[in-house]
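Structure 1 and structure 2 below are two forms of the same protein chain, each written out on its own as structure tokens.
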Structure 1
């Protein structure tokens, strides 16, 4: 490569590199630096140390908030996969090709609604005077009003409603690219519908599942709005704990440390998914 070619190449790369450095690497470096500082009273002490990370380990409510986030996120991810795969399969295999775009449009309609509006809508549905409680009372299945709002169940329902659509799109994209001849070849070799799915269809659509699952994991574990609205602060998740450090205590170093821990968890999830997909492809 000549000097002129290298210069042109750097000219194309430089804008994206500068943008990434200014709006990702620099803020990340500042947050990492803040996480090493301490707040003493109302004073920010700029002395690097691991006091905030030690506090995360020593104070049980910090660790508990992380465990709550992981439990909710894993539950949402698993349920979303279980609901999304059949929906994606129906769209790809049972809906005529000329109607598939229309069906996909109907499937993504929830994305067109404000995230906050969806959360408050679920709050109305799950509350004591909501649709579910009224239906159970009308059919006589319960004698008292039932409320699912302000609970982990409500948080999971709100998340699953959103992420099922995301996973449906990623799985559907894999299913429509899967040649029909693969399943027919498996059936010609004596494999039944279940064996064909387990040994042919599922392994070939795992990339779509893993991509959707990872996106679900990242968006869910870092979400603040849905747990705040639907969970009713009955149990703290890590994003809520971070916001409490900022809003009530003005402890930006501790909030930065918690954010770095959250980012580390997401990074580990990415590494685990990337390695698993690499081994699967091998």
Structure 2
């Protein structure tokens, strides 16, 4: 390889690399640095220290928001898998092949509504006087208007709605690329429908579940809008706490420290998933 052609290759890659360095790597570095500084009153103390991280451990307020986030995210991930798997299975096994693409497209259509609007739509459904409340009053299941909005339940419903669609996609993709002969062979060897599913189909679709679950985890734990619109003020999730530091308190060092912690949690989840997938393949 000549020096000239290497230079030309660098010419192709340089714009993207510089962009990523300037607007992604540099901001992450600035944020990491900020997380070690402190805000005292309205001034920034540019001395490296672990004060913000200590505050995170010491103040139950911060730790609780992380725990809330983990609880909500795990609940959402598990519920979404449980709801999505049967739907993906029905799409792959019960729907005639030529209708499958259309059925799948329909199943993920609301995916394309605006993210902000999707949470707002759930507010219409769940709030006092909303669709569910009116329905329950009309059929006489309740005597007074009920509100499901402004609660963890509402946040979880909003999240599950989104991630059921995502997981349906990843699990369906896994199911359809599974050769039909596996299930046939299991039945041929004496397995009933349940045994075929437990021993053959489910283990072979674990990769699709894991990929979807990881995406769900990452997107869910970093999301601000859904809990902010649907969750109400009783409890805060980590992204809400971060936004609070930025918008209300202008405490960028603390917000940076919380963001670093959020990134660490996501990285841990990523490493765990990658290890699991690698172990499974070995």
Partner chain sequence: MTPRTVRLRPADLLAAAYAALLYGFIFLPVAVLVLFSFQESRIPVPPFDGPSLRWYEAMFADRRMMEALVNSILVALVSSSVSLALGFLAAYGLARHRLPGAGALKLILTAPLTVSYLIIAMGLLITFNTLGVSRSLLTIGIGHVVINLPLCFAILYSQMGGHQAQIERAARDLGASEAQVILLVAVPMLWPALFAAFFLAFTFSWDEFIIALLVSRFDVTLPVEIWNMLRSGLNPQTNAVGSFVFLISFLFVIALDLALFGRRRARSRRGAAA
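What you see is a predicted model, and the numbers here were worked out from it, not measured in a lab. Numbering follows the first chain given and starts at 1. Here the rigid core means the biggest group of C-alpha atoms that line up within 1.5 Å when the two forms are laid on top of each other.
S.K.: So which is the form predicted in complex with the partner chain here, 1 or 2?
M.R.: Answer 2, the form predicted in complex with the partner chain.
S.K.: Relative to the superposed rigid core, does residue 14 relocate between structures 1 and 2 - that is, does its Cα move 2 Å or more?
M.R.: Moves: yes, 2 Å or greater.
S.K.: Can you give the CA shift of residue 24 between structures 1 and 2, in Å, with the two forms fit on their core?
M.R.: Residue 24 C-alpha displacement between structures 1 and 2, core-aligned: 2.9 Å.
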